[in-house]
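Next comes just one chain, in structure tokens: the form predicted on its own.
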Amino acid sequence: MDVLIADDSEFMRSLLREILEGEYSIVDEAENGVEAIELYDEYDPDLVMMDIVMPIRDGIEATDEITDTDPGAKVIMCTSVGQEQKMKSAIQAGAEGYITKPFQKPSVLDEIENVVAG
């Protein structure tokens, strides 16, 4: 399964990459919402791990655009504690699940399984 990681933090991208490698194929990484949309169009991944707070275009705007173009897109939002309001917007934009930072490998893999199976 091909996964695109979108997060403005190099540390968070490498942490997610570490969790996912071996289980999934990472097609590329985006540093902002604009890159996430471009890379989604280029690679058509099976799943996007999308940070909510990113520069230029945030994860909610990027998710909205991706799911408008591809209603079958699977997006999991990566959120910090205390971003519940933004999560509601992300779900309305088309996100199918979310994980909370700091990431724990079992919860990340469980959420991916739920979203992909669902």
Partner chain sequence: MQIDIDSLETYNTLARDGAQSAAESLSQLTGIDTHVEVTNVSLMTPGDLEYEYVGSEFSGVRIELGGALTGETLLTFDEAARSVIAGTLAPEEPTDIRRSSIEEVGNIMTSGFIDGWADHLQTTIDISPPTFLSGSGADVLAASAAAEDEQVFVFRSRVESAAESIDFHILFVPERDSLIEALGPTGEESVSFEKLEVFNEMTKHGAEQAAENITTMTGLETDVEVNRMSFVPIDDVPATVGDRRYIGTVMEYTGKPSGYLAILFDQPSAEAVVDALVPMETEGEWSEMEQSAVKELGNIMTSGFIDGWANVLESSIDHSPPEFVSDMGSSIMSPIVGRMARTQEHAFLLDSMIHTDGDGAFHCEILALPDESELREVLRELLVERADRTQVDPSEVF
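What you see is a predicted model, and the numbers here were worked out from it, not measured in a lab. Residue numbers count along the first chain shown, from 1. Just so we're on the same page, rigid core means the largest C-alpha set that superposes within 1.5 Å between forms.
Separately, the form predicted in complex with the partner chain exists; it is not shown, and the next lines address it.
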**Study point:** Close approach of Ile26 to the partner chain in the model of the complex, 4.5 Å, heavy atom
**Key:** no
Practice item. Give a yes or no for Pro102: in the model of the complex, does one of its heavy atoms lie within 4.5 Å of a heavy atom belonging to the partner chain? Key: yes
**Study point:** the partner chain contact in the model of the complex: Ile91, any heavy atom under 4.5 Å
**Key:** yes
Review point. So in the model of the complex, does Gln83 come within 4.5 Å of the partner chain, heavy atom to heavy atom?
Key: yes
Point to revise | Three-residue site Asp7, Val53 and Ala95 fully in contact with the partner chain in the model of the complex at 4.5 Å by heavy atom | key: yes
Revision key, fill the gap. Within 15 to 40, the residues having any heavy atom within 4.5 Å of the partner chain in the model of the complex are none
Point to revise | Core-aligned C-alpha movement of Glu84 between the shown form and the other one reaching 2 Å | key: yes
